[in-house]
Each structure stands twice: as structure tokens, then as C-alpha cells.
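Read the single chain below, which is given as C-alpha cells and is the form predicted on its own.
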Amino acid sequence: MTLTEMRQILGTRGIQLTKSLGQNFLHDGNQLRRIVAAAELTKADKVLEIGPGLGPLTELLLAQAGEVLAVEMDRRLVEFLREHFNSKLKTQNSNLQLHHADALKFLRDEPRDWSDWKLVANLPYSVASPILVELAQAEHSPKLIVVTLQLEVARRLMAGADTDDYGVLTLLVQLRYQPREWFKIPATCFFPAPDVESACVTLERRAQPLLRRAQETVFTRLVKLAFSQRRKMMLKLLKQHWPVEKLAGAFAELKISPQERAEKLTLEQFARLTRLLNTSSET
């Protein structure tokens, strides 16, 4: 779908895109193909697409994947998609499902086993981070995530310890996923062009989890508390929840300085700290 075609469809239908919904549609064919290529799709794959918009990415996904579930919040766009993909939706063996729903609410209210699925989407920028955290913390999370989002968010997802971009989002997602690759997408590839830079990231689910499912709640609490005041010593912040003696022992065993700040600890250190603190009766 070219930019001219996109403008024509929106104009004919009187659809004005809403900035609050993060509606910046990717129209550049080369970038769309790069996204699909990063997902390494086969006909055995099932794909979740969030925010299909006018469906240019959906077209490519349908051509290469075995099944596509597209979730769109905007009723006007859902109506267009139903007309545009009418023949595919009506066939008995259709490989396309289209849901009119708020994606975040859909994920929370209708939990599914996504373990055999891939998320491939140009995520609405307004809800990209909570959607990724929701899926990363799901009991059965997707095996691969390939998403377009703000460059600022992409950098957080790919960040390592002791960098400015490293923080809560990094750790909540990387606990389950290993960052694989990413590439920038110019603003001119979108309509309307966003005020921020964009990037596509690829995240692969870890073959072996770093923590047991029951420990992940403790990990989340630990990370959020440790970064609640980024410039403060982590030990002081954690004392709000764990006994001082318990923390001192865990820090000593892991050779973490009592003066250390959260941004200095690696994901693996946070995971090991979680395992030690999880033995406390208070967790």
C-alpha cells in the first residue's frame, strides 16, 4: 500500500487519525519487508498483530504465515479491514482473524497460550511498553517479538547494565527475552510522520528461563523498588520491603556493595538476588 493509496483511503472515508492513539501508519514497502524478514516466518507460524491500521503489514504476514490474529481498536479501521480482507475472512479455511478490541484489555481479559505464536506489529506508540510487559510476563509468552516502536523505547529494550537507557522496562522484558537485533526507521516512512524517531526490535524468548514462574513476582517487585529513585543506593530502597539482615546477607553473598545503585547490577545479578530474597518468609 503506497502513501498515495493510504491518503486516498483515509480521505474517502473521512478518517482523521488520532495522535492520542499513536496512529502513525508505516507505508514504506522496504521497511515493511524488513520487519517481516526479521520475523523469519513460515506457514507453520501463528502471528499476533496489534494495531494493523490499514493492513499493509497484514498483507505481508498473510502471505508468509499460517495464521494471523489482528487486533485493532479503531472501529473505523476495523470496518475498512473487514471490507479489504472480505474474501479472506469469509472463506472456511481463512487464516485471518480480526478482533475489534483494545489490545491491552484483550490480552488481560482473554489470557491465551501464546507460546507457539510470534508477535509481529507496528505497535501504537501510546501503549507499546505496557503491551510488551504484559506479554513478557504472561504465563505463556510469544516465542518471538518483532515490533516497531519509539526509538527511545527500543533503546530501553536493548540496553545493558550501567547505561542511561537501562531500567525497569529493560529488566521486565529481558527476564524472558534476549534482544537480538534492531534497526531504525525514518519518520518519513510513516503517515503522518511522527515527532519521534522509530525503530524495529527483535526479541527472542529465552530457551531456559532465568527464574521460576513463582519467583517472577518477587523479581518485578525488586526491580521496581530498586529503580524507584534511580540515584539512591539500592539497599536503602529495598529496606522498605525486606529485612536489613536479609538484604545484607544477600548483598554480601553476591559481592554487591551496600552503596551500589540499581543501574549497576546486571540482569543475572537481579535474578540471583531474587532467588536469595525469595527464601524470606515475607515474600
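The first residue of the sequence shown is number 1, and the count goes up from there. Bear in mind the structure is a predicted one, so any value in this text is a computation, not a measurement.
Below, we refer to the form predicted together with S-adenosylmethionine (SAM), which is not included among the displayed structures.
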Subject >> Selected contact from L175, V146, V71, L132, since only one has a non-hydrogen atom within 4.5 angstroms of S-adenosylmethionine (SAM) in the predicted bound form >> reply: V71
**OP:** Pick the stretch from 74-82, 162-170, 206-214, 133-141 whose residues have a heavy atom within 4.5 Å of S-adenosylmethionine (SAM) in the predicted bound form.
**Re:** 74-82
**OP:** Determine whether any heavy atom of D109 comes within 4.5 Å of a heavy atom of S-adenosylmethionine (SAM) in the predicted bound form, and answer yes or no.
**Re:** no
Original post:
Is V127 a contact residue for S-adenosylmethionine (SAM) in the predicted bound form, using a 4.5 Å heavy atom cut-off?
Top reply: yes
**OP:** Would you please decide whether L26 lies within 4.5 angstroms of S-adenosylmethionine (SAM) in the predicted bound form, comparing each non-hydrogen atom pair?
**Re:** yes
Original post:
Looking in the predicted bound form, any heavy atom of A271 within 4.5 Å of S-adenosylmethionine (SAM)?
Top reply: no
Original post:
in the predicted bound form, which residues of 257-272 put a heavy atom within 4.5 Å of S-adenosylmethionine (SAM)?
Top reply: none
